[in-house]
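One chain follows as structure tokens, the form predicted alone.
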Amino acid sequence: MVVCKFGGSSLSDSGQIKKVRNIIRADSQRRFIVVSAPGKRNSSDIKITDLLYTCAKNAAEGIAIDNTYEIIEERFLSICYDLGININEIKNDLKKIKKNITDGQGVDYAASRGEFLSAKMLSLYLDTEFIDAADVIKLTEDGMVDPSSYNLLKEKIDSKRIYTLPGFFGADSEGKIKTFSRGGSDISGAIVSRAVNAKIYENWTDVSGLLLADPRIFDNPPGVSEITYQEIRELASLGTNVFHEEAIAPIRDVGIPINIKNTNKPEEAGTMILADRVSDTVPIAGLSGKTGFIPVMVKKFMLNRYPNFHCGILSILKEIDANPDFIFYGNDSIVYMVDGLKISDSSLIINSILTGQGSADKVEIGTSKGIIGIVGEGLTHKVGIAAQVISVLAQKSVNIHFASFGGSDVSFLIGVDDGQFQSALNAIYSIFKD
């Protein structure tokens, strides 16, 4: 069996949904369809999920949601009209949802209704069996997947039907709707894949798989035919967002391959995400990076004598909502790389650490840095990659503030000033683009 997850761009209008129908009909093994809410039709459009968040916010503040909700209604009903779908059921659902949002069902409930309506609509169009994710996907208090979800879903299916499910949400132990983080329909597709022991999990979007680098920065970067679970997780930490990193968790242990494919070009192979790959000929799977990291250096003499020091600092940073994205260790210091958007007051961090349970000797806040990550299974097997990177940056007069294998054998991290980030990224890209 094949599980197909379709993103918002694949469901943005009736024309895109017809492409989805053709994809499902092209392979009889495609029997499980997981959908996102309709995405943008053009650059000036507003996503359905964003409109639903606005409705929830307004309802909580006692503001009428009629005008915003009317846009949502028109969007779904116009798609139904274009596809010749009987609109009575969708109309009834829209009416109930509006009342529930107005009555204060909450943000998660409101945000999830785009996927719910999308799945209902597609199920009517394709004549498939609709399964409400809230009935089969159960989440724990900390938002993790309850293993009971897999059996609940198995009990709902038979071998003769095709099923459509909404992505992005499940329900807690009391039946209350809980959503994943944005892009969480990828996670839903992975849960379904694990439950039905899928042969492959196809993730349909508007790009033909992953690329070596960001196409918004570089012209026509080469495609990546294969990448591992670990490599995709490392790239996600540096801003690559074609596939939700948390979606690896449900299927990693059972090794189900993921195929990133393009709804608009279904004939193209896309990218396979696998448990392992041969990296001899293609050592590097991706290049990515982000700016705006603030180094928080915490000094403690004879640091190795205080095994709980690091945990104490992490607790302090968490309390002030400054969780670090990367951590680097020295003999008598630890550097926490924190997203600059989380640091509105440097003195708050300094005072919190100095007066907190960590008993630090000194705290220093550095200037904004960019971090570039070179990711690939071949990093530690192919001689000279790190040397090439450092050499080309020296030629471009880029000052390297740190270089580290990042606690992982598949990523090499380079830290530079924000002002030199683009120059550094261009230089590194020139090594691997061919």
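Numbering starts at 1 and follows the sequence shown. None of the values given here were measured: they were computed from a predicted structure.
The form predicted together with ligand ASP is left out here; the points below concern that form.
Just to confirm, residue 231 within 4.5 Å of ligand ASP in the predicted complex by heavy atoms? Residue 231: no contact with ligand ASP in the predicted complex.
Does any part of residue 55 reach within 4.5 Å of ligand ASP in the predicted complex? Heavy atoms only, please. Outside the cut-off, so no.
Although ligand ASP is absent from this view, report whether residue 183 comes within 4.5 Å of it in the predicted complex, heavy atoms only. Contact check for residue 183: yes, within 4.5 Å of ligand ASP in the predicted complex.
Just to confirm, residue 33 within 4.5 Å of ligand ASP in the predicted complex by heavy atoms? So residue 33 does not count as contacting ligand ASP.
The chain here is shown without ligand ASP. Which stretch in 56-64, 371-379, 392-400, 33-41 comes within 4.5 angstroms of it in the predicted complex, by heavy atom distance? Contact-bearing stretch, as computed: 33-41.
Would you give me the residues of 85-118 that have any heavy atom within 4.5 Å of ligand ASP in the predicted complex, in order from first to last? The stretch 85-118, when checked against ligand ASP in the predicted complex, contributes only 115 at the 4.5 Å heavy-atom cut-off.
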